[in-house]
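Form predicted on its own, single chain, as structure tokens, below.
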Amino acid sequence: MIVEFKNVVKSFGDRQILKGISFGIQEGEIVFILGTSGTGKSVTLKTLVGLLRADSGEVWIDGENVTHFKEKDYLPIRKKCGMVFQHPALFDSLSVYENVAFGLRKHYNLSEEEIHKRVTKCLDLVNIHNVEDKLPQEISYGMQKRVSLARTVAVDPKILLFDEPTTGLDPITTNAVNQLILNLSHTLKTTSLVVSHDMHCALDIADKIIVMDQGEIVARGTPEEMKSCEHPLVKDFLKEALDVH
């Protein structure tokens, strides 16, 4: 397992957000965590990369128990985990090229030629061409999302974490982002964990789907297994996916 949660509990004050969740992800898998808003999906991602700390239980990444890591211990772990946020979060004052190069300059001692090669390769991976010199506000929102993805994969993470990657996108761009997640996983051999509320996307590209409700895992399995799941929340998600598409 490259990622493992063992009975992880997380509370804010007297409100328990994660109620002892356990799951594992094999290397190279695409796993979707689905659930309604406020059910603990994003908290799960943030607990994984140490932005939040579990109250109890264990978090394992790439064979290491990171539960009690101090901030400085987390730095090499975060290099292994690339996070793609709901919004592109690009630097407005930097060109597309410099946005993608940012992490390479910060974390690696590379020549300009090596940086150029890596940036070009990553922009190719996300199908972006001829906009390297433009500022983020000069390109479309969907394209900004792809630049954000290129910036994340530039530093060569083993694990890609996506927080609602298709929120606010039209169906065509949503489909393009899903195909990117699929292609990146296959091309770069990365493991992908996607937090989403979109069952249609999950059925399309996930190896496994985990469904959370009120801080607990209520269903898990392959897309095929999900289609025959009798849990009411899963059935609601499936109905919505079929109605919309």
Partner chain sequence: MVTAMGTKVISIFDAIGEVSYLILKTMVALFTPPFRFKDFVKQLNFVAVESAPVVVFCVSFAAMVTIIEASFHMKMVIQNDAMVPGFSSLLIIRELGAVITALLVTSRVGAGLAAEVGTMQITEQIDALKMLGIEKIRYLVVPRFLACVIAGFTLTIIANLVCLYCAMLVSQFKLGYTFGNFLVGMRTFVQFQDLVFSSIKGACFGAVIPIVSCYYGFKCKAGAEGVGLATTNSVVTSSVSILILDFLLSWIFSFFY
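Just so we're on the same page, rigid core means the largest C-alpha set that superposes within 1.5 Å between forms. Numbering follows the first chain given and starts at 1. Just so we're clear, the structure is a prediction, and the values are computed from it rather than from any experiment.
Another form exists, predicted in complex with the partner chain; not displayed. Remarks below refer to it.
Q: Of these, 170 to 178, 86 to 94, 124 to 132, 111 to 119, which stretch puts a heavy atom within 4.5 angstroms of the partner chain in the model of the complex?
A: Of the options given, it is 86 to 94.
Q: How about Arg151 - does it come within 4.5 Å of the partner chain in the model of the complex, if we only consider non-hydrogen atoms?
A: Answer yes; at least one heavy atom of Arg151 falls within 4.5 Å of the partner chain in the model of the complex.
Q: Does Cys81 reach the partner chain in the model of the complex, with heavy atoms at most 4.5 Å apart?
A: Yes - in the model of the complex, heavy atoms of Cys81 and the partner chain come within 4.5 Å of each other.
Q: Verify the contact flag for Val49: yes if a non-hydrogen atom of it lies within 4.5 Å of a non-hydrogen atom of the partner chain in the model of the complex, no if not.
A: Yes, Val49 lies within 4.5 Å of the partner chain in the model of the complex.
Q: Going by a heavy atom distance of 4.5 Å, is Gly142 a contact of the partner chain in the model of the complex?
A: No - in the model of the complex, heavy atoms of Gly142 and the partner chain never come within 4.5 Å of each other.
Q: Taking the partner chain as it sits in the model of the complex, which residues of 95 to 130 have a non-hydrogen atom within 4.5 Å of it? Please list them.
A: Stretch hits, in order: Phe102, Gly103, Lys106, His107.
Q: Once both forms sit on the same rigid core, is the C-alpha displacement of Gly103 at or above 2 Å between this form and the one not shown?
A: Not so; Gly103 is displaced by less than 2 Å.
Q: Spell out whether the Cα of Tyr141 moves at least 2 Å between this form and the one not shown when the two forms are superposed on their rigid core.
A: After core superposition, the displacement of the Tyr141 C-alpha between this form and the one not shown reaches the 2 Å mark, so yes.
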